[in-house]
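Structure 1 and structure 2, given next as structure tokens, are two forms of the same protein chain, each shown alone.
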Structure 1
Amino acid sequence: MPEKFMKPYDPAATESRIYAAWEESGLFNPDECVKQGITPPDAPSYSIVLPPPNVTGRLHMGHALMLAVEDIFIRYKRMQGFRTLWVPGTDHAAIATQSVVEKQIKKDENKNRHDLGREELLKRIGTFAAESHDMIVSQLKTMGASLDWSREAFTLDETRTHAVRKIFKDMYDAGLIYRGHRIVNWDPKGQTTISDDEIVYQEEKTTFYYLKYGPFTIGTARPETKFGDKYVVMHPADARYEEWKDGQKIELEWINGPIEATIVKDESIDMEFGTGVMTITPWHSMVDFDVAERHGLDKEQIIDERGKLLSIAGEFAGMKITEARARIIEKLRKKGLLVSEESYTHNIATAERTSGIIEPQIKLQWFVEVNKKISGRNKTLKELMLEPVRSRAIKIVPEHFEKTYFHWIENLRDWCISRQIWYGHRIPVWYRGEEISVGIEPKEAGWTQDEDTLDTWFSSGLWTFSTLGWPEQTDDLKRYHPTDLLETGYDILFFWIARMILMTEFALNTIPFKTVYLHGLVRDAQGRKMSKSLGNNLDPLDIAAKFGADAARMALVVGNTPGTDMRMSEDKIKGYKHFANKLWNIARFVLTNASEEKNGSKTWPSGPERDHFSPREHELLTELDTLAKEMTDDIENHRVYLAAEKIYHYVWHTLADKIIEESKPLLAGTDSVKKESRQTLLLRLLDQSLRLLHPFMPFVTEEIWQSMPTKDAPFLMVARWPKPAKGLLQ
């Protein structure tokens, strides 16, 4: 028995060494597997691209879950003989990364980005991003992720920049990218537009006011937006207001004096909400903007980009809206226009990075048109996003998220892709007077590039094919695209997954991936979301150092059904550290008792033919054969949580508690045939158990494998996954 088994298993002393050996072997690279004769050149391909972590700092347990699940599929397919590629990479995460650096500069130097200038700020962000990248890579390796580091990508590197400029120009030339005035999410604090996924909704208790608007009563929680309201909208089928005609004009007294208002009939009005009548503020409400667009109504700005009222507010001009609200209500009360008020609880939109309250604004921005027919294809981008999921060319796991996907896409509005920040892919458009150049910087003097940058999701939307070398027609692109699996959190089903489908369908006329596997959020033992403020964060590096990455991986996977939030605690992880120790002790027992000392050296049983096994031993082999088939079926059908649980129970409760215990008398007996038969059986059961467990707990299984007397591969990670033969495992 190797000397290492004389000591308890020590993951801290083992895992980094094992990972270094894997890296040195080059076998994370599918080309190297072919070169070394491990994978046949004509083997089927299997590919995953790593959802790129943001270069804003350390990974969290949600990332660790993602890594564990993806690595399970990759290791399983690699062991099945597939030409397996898992592409690593990181995301520049423009707004998030710039925000972190700007806050630090403000804290350390009391300066803002304008004090530094664009070039200096980008230099500092670049330094920060590089340091964060190195930390992230360290964490990925610590968790055992068998990524092909020779193909590592970054959303802001040269290859991805080329891809971004190429697709921007192609979409612009196709009439799908345009610059125009539309309503967007505006962050007054961060001074930029932001995407829906960068919004955090916070519950707010406020007051809901009912106001007299001529002959009508309207309700609002935001009286400060009502200065410009000159349209009163109702449902055309509302019998209460059938006397009023669409387009009819009425005179009424309003906040700052008499105004003329116009009746508008629109079917989007909810007759059951409030009084069934509403006024609209098209400049500061997405819903109101849509009504105004449908009817060709005027739009007037009430609040500026800093969150202050404009001159239309009269005596309230220059005030912040939070300060002005009470004064506006007091004026309405004095004028007899306040009907009633009541307590009201609703969610307000805030910017994730700055905590600023979002103020919808109509701004000149760059957009992707989703409802325009693409020339030569007679389909819109929206239709291209719906078709592959409806046809099941793309399968979503769990399936019920398909309804969510369809709802989002069917209600999709044009995608605002410009951001008023400096870090990221700068809009590839140059201006000279009335002239415009798109995609390629002109060589002549006098041209100025657009100041804005692209939404991060624009570049990450190209991830499955830009990481494989597009727009060049590389061998990787031909062999590994579409990718087989996209595994990520259900919370970005729309924000990222849908956009990858959009971009891939447009650029390549194909799907980006065949299956979408959605995991839930990792919460603490009390079911709370993990956060620094609650002090309940579990850092993957700390957990791995304390319990081992194998234990963390098993704790994250067992019992974790797709799309469902899970609770995580150190006690759960500790339980799987005990399991790793149990496996170590099993291996020590088997390897000690399966070898004989002869002439000063160890010999291993040559092993009888299967016909010489006892009926009980055939039964035990068949039991493991059945388990292997069940686990194969589970993994193929994305039930990795079941496969993990089954091999855990087999190793602990069947192999350790039953088989080894019943083997002890045979191994201690004098019948050499029965003894050798049982020695061979135990070696075989251990061998197959290690293979079945490897995708879930790669480190401890690899460490034990290296001491096995017979191996069919230099590393367990490229050994063959168990396959039944004549009803029994080979």
Structure 2
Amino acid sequence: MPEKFMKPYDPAATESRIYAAWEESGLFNPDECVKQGITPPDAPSYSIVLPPPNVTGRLHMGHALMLAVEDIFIRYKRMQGFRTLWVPGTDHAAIATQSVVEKQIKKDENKNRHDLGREELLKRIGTFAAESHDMIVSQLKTMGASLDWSREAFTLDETRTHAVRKIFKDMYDAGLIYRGHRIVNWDPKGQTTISDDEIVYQEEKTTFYYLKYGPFTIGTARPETKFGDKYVVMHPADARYEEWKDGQKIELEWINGPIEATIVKDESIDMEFGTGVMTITPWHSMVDFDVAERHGLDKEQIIDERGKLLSIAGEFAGMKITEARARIIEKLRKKGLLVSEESYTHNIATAERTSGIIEPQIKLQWFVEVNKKISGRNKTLKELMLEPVRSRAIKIVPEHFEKTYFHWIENLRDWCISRQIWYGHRIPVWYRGEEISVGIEPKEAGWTQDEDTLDTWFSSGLWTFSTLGWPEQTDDLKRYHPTDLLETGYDILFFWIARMILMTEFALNTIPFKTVYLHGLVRDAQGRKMSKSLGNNLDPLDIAAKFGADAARMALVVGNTPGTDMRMSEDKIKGYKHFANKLWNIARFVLTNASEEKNGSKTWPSGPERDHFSPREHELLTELDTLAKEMTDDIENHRVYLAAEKIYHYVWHTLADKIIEESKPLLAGTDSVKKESRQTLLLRLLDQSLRLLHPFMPFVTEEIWQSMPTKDAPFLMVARWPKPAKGLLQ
């Protein structure tokens, strides 16, 4: 009996030692498993790429959940003898990382990015990203993630940069990437464009004004944009405005004097809303922009990139829109143009990272066109995104997210991929006068590179194949792609999953993964989101130190169905710490009672032939066999929450409460045949239980198994998963 079993189980003292031993063995690397004869060279492969955590700081419980689920699948498949690869990596997360560092510099030194300059800022971000990276790696290891560190990738490293440039050029050559003046979401605070998905809508109470516009009354919540409005739009079928004809001119008195306006009839107008008449500001509204495009109308900029009014505003020029609003209303009132006002609640668009209020602007940007047929394939990118999910070549778990996915794709507009920030992949386009070079930097002098960087999702969209060495036709790419499972939170279904499908279908003409497993949010005990401001975050490192990573993993997994948010509390995790200790005590009992001390050395029962097991013992073996079969089935069908619960229940309430209790008289008895048979049985049941529990609680099971006489591999991690088809009696 090893000394360690005499004390309660101590995860803190065990886990880091075990991880180091695994890492030392090299067996996280599937090639090493083949080399050491553990995996047959022709074994089928199983692969997952780790959704790369952002290098913006530390991991949170959501990451811990992701790691637990992925590691369960990886360990299960590895134990089944698959050539199993789990690729680690981190994401530079462009805008998120830059804004964290910028905020810090603003706070510490009261400087902005222009004070520092591009080079210096990038240096600072690089340092910060490296520190975050190291912290993240240590957290990944603490959670027990059996990642192949020899293949670690970063979205901004050399190989990935090569992939980004290659695909940018290929998409440009295919006519899918274009540069154009289009209306985009402009974040005046972050001084950059952002994509539709980076917008967070916030409810705002404001005033809705009715203004006299010639013979009409128009409604608006944004009088500060109205200076240049010279088109008045109504629905062609609106009987109230029948007398007005499309294209008709009218003269009217407006904010800064008399103007001429044109009547426009457009079906996009909601007759029920307000008065059914509106004026349009194409430069600062998506909808208005569309109307203007349809009718070929003029577009004028009213607000600058800092959120100040331009000279068109006359006396209000130079004012911030917020302060200008009240004054404009005052002027309208004096001029008798204010008809009425009412209170109004609407959603305003804000930037996710900076919480700046989005001001739509027309800007020259780079876009990916999603509705254009790709030459040679006769399909649009949108269709390429829809098809594999429709045909179930890609299966989404839980299934109902397919509908959400379709809904989103159908509403998808061209993807703006250029950002006016400095951290990230610089757009691989060079200009010299009217000339342009895409993808390849010209060697001659006189060329300058585009100042902008790419949306961070452009590079993470390549993740399943860029991590495997694409565009080189590597062995890894051939062997491990498409990957088997992509596991992530449902909140990035659109951001990331859709874009990976887009990129992979375009670049490789195949799917990036076969199954998408979406986990829910980890909330606090009261059901609130965990956040810095609430101070209700649970740090995986603290939790692991206090209760053990095994306990945290179980608490995150048991009963947690995919796609559903869960509540997490220290009490819950504590319960599974107790479970680890329970298992420890079971092991102590079995190891003590299943061996005989002779001359100071321990002997194990040689094991009876199967015929010596009593009918009851056959029954107990069959019971565990059934459990193994059910668990295998559950995991194959992505029900890890059920498999985890079953093994927990078996170990505590069957193995400990029933089998050990009923074994005590036999072990203390004088019938040596019965005793030895029972000793063999207990060792076998414990051994199999450890195997079944290992994917869920890798540390404590490994630690115990190392002391088992049934040990038949260097590590439990690479021992064989019970094969219920053959039966445990074999």
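Numbering for residues begins at 1 and runs along the sequence of structure 1. On a predicted model such as this, the values are computed, not experimentally measured, just so you know. By rigid core we mean the largest C-alpha set that fits within 1.5 Å across both forms.
As for origin, structure 2 is the form predicted in complex with the RNA and structure 1 is not. Domain motion between the two structures: of 38, 365, 327, 127, the residue positioned at the hinge between rigid parts is 365. As a two-part rigid-body motion between the two structures, the smaller part of the chain turns against the larger by 9°, taken from C-alpha fits. Its Cα shifted by 5.1 Å between the two structures, residue 257 is reported here after superposition on the rigid core.
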